[in-house]
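Only one chain is shown below, in structure tokens, and it's the form predicted on its own.
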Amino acid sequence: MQFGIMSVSDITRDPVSGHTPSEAERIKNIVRIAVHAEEVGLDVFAVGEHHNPPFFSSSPTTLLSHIAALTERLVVTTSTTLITTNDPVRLAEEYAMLQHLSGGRMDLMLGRGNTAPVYPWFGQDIRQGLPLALENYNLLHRLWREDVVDWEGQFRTPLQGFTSTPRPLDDVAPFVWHGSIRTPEIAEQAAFYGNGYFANNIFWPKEHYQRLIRFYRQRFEHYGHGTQKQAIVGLGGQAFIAKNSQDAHDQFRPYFNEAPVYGNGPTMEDFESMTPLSVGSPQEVIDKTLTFRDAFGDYQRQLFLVDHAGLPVDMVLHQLDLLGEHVVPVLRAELESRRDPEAPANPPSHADLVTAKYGDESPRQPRPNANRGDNVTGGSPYQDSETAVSEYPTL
């Protein structure tokens, strides 16, 4: 099973020191955090995509490429990539480039986004969020699997004889997760394509996520991708760790009370009892996290949110030390011992996807066919072209 951290990339005032980091400081520190995640033995670093203050991660592929260059085994991914307001052509090309630069140590999580003003900034209408998500991913899915795409839809100009470049590494599309907070339509989309489903698992009671994950598993099986146990599930979670429970609550309370997403709501203790938030000793965080498997079944990726709400970078790095030394090793052993043999241990790696497509054969390496010149008359500009066509679900 994979363990890692996810960042929403917020720039928030530290209520203890009164310091608000600059964008430059926050960007520099998120790189330190990601690199340290690998150093302490974590597997994954994820960052969200935002285009409005007080967030900084407007260009996740740039950030993740830099982090991939500074690490050796860390999987870099998003939480999330906006499939609604981004052009699928740009997504196809940017994430294929990230795939090459990281040597396949990447995947991505697609989501609709729930910040209403972002839609008109990119020429879209939030009322069309669901059909945008369906149409745009159908096009992205094809762009990674077909050398030449002819396409016409509702929300962008048609494509005729279009080839996105670079082609995916080893001619294998990156693994895709579909992330959701509230609604089942994204779970349906994930299931239709046989992709992974990531439940936010932060702000809502477990019963809410149980319904979404159960629905995804059922539909995954319905579409013939495997049994419900074989579906690929990821979960978020929030944790703050200290030597003992009292220290953890004392240290985190000012951040909880002042955080925009928590403040003026339930108490921290009530929030802990109602949601996946875990504040306490390493053992208490272990015990709370193990309840996720009881609630949702076997899953393949656990991402903790640890760098939000104005926490200073040194405190975040210490949280990673505690996760890496005291929490994650125990969770790995415990969850592996409880895993149903039918359930995958991890989400598919790039090597897994290459093997699934090519078996023991060498993967196709697309090479532009210089003899054809530009691709203005149709046909593939690559040697040994292969295509695959898929329609998108109607919800």
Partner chain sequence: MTDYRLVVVSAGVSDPSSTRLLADRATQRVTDLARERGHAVSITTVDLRELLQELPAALSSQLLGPRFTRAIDALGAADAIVAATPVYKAGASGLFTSFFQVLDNDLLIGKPVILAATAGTARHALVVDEEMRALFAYLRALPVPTSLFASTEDWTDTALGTRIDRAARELVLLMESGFARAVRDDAWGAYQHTYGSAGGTELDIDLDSDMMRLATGGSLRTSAEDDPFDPRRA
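Numbering follows the first chain given and starts at 1. Everything numeric here is computed off the predicted structure, so don't read it as measured data.
From this point on, the text means the form predicted in complex with the partner chain, which you will not see here.
Picking from 107 to 115, 162 to 170, 213 to 221, 283 to 291 the stretch near the partner chain in the predicted bound form, with a 4.5 Å limit on heavy atoms, gives 213 to 221. In summary, among the residues 240, 192, 95, 255, the only one with a non-hydrogen atom within 4.5 Å of the partner chain in the predicted bound form is 192. 184 is the sole member of 312, 184, 226, 324 with a non-hydrogen atom lying within 4.5 angstroms of the partner chain in the predicted bound form.
Taking the partner from the other structure, the partner chain in the predicted bound form has no heavy atom within 4.5 Å of any heavy atom of residue 101. In the predicted bound form, the partner chain sits beyond 4.5 Å of every heavy atom of residue 296. In the predicted bound form, residue 275 approaches the partner chain with a heavy atom inside 4.5 Å. For residue 265, a non-hydrogen atom is located within 4.5 Å of the partner chain in the predicted bound form, even though that partner is not displayed. Residues of 66 to 88 placing a heavy atom within 4.5 Å of the partner chain in the predicted bound form: none.
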